[in-house]
Every structure is written in structure tokens, then in C-alpha cells.
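Taking the form predicted alone, here's one chain by itself in C-alpha cells.
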């Protein structure tokens, strides 16, 4: 006789055990994947932990766990990622939004009413869309050099019903002036080691930026240095790039420069004002 399908609780335990060597959050991953199969939230998995899975559900769950075991990010498997109050669609065309990037949104939340904001390197549109969601009084636009990324950002804006325009472009070239520029650009050094669920999955063009990781940031800082705008420039950075990027921003004419730390205490955003 064929073995009976596992219960919900047993499936989660088995999935977590299988993912223990490839994930820092194996139980969470297993719960998210099983929740997708069953079409329920994680809390329902606890309530229904004794419920048997139907055979097709068990097969589908096993297939998703195998994908995760091969280091495919959970966000790509699910096709979505939570970012602040939003549920963003994501796939291999864009980076997966990280919690530390919320610090850029926090900078934007302090802008004066009616300000214009340009999100450079917008990717999935996470920063621009979160800002538009929480500060609808702002005029928010996004730009990215990747045609694929802009397509994802536009899809997210349409699905969420948020009034943000996105365009394909190289940094600020061809963009209308904005009061403030927020940017999450590539800042990883070319040979820096990265986790297996990043390398080979997330787009390298959105990660790597020369021997010290600052090639694209230098270009953006140089581009705004010869313009009268923006009044404020905020750049997400790597945890050891604060001093170097702050110096670049000062030399570009931003007299007031600060380095802000994320919740983990790492240097994460450089803010310059002029």
C-alpha cells in the first residue's frame, strides 16, 4: 500500500529538516512554501497542523522544497516579497528588496509636502512605491537602466494602484529635475563572496560595481555634481563604504553629509544636503 500523505505539521518539519543546510531560516521557508501550496497564511498551518495533505499537495510542496534546496530564493519561488506595507511581485529580472533598504524610505518620509523625488536604480520599484503609498502628497518617479526592471516596476505600480511613473534611463540622464534623489545602486565589489542564493539567481548588473563596489555610485555623484538638483541625495551603501561615499558626496558640493545606520548597526545610507 502507498504511504499516506503527511500531515501539515509533519510536512513543515520534514521540509525544514531538508532545508537546514541551505537556509538560515529553514522552518520559515518551509512554512511559506507550504502556505503557497495550500493558499493559506502561516498561522493557519499551526491551526491545521494535524490535517493530512492531499497527495497532489504533498507532491507540489516537495517540488517547491527541492527548488529551495537548490538555493533558489523563496521570493522568486513565490513570485512576491513583502516590503513595508506592500506585497511586491519579484522575479529574476530584479533584486529582491531587503529590509535594510527601508532606511531609504525613512529618509523620504521626512520630505516636505509636495516635494518631487526620483528613485534611481528603482529595480522592482520598492522604494518609489513604498514612498508613494505612505506619502501620496509627494511626486515620485523611478528610473532604471534595465528594461526588464522597469517592466517589473510598472507591473507593480499598476497592480497596487500607485501613481508612480517609471522610465528606462542611465542614472539621471534625461530625467526631469527633482528636489530629492534616492538611490539603491550596485555597490558590491566584483570579487566579493556572496551567498549561494544570491549568486546565480539575482541579476549581477544590479549587484556588482567594480573593484571597490563604488563605480556606479561615483557616476551618479558626478552626474548630480554638475546639476543644480537635487537638494538632497541619499545613497544606500555597503557596511564598510560610509567614509568613502561621504567623501564623494562632500566633494560634489553637498555641505551637510551624514551616514545613517540600519537596525543592525551597520552603515547603510549616506545623506547629503546642499
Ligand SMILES: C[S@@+](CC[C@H](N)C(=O)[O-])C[C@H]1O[C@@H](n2cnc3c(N)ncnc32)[C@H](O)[C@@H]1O
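Numbering follows the first chain given and starts at 1. These numbers were taken from a predicted model, which means no experiment stands behind them.
Although not depicted, the form predicted in complex with this ligand is the subject of the following passage.
Taking the partner from elsewhere, every residue among 146, 170 and 205 has a non-hydrogen atom within 4.5 angstroms of this ligand in the model of the complex. Exactly one listed residue, out of 27, 51, 67, 219, brings a non-hydrogen atom to within 4.5 Å of this ligand in the model of the complex: 219. For the options 75, 95, 132, 117, the residue carrying a heavy atom within 4.5 angstroms of this ligand in the model of the complex is 95.
Not displayed here, this ligand is approached by residue 101 to within 4.5 Å at the level of heavy atoms in the model of the complex.
Among heavy atoms of residue 153, none comes within 4.5 Å of this ligand in the model of the complex.
Proximity of residue 127 to this ligand in the model of the complex: non-hydrogen atoms within 4.5 Å are present. In the model of the complex, this ligand lies farther than 4.5 Å from every heavy atom of residue 108.
With this ligand omitted here, the record of contacts in the model of the complex names 211 to 219 of 238 to 246, 39 to 47, 211 to 219, 52 to 60, defined by a heavy atom within 4.5 Å.
Contacts between 183 to 199 and this ligand, taken as any heavy atom within 4.5 Å in the model of the complex, involve 184, 185, 186.
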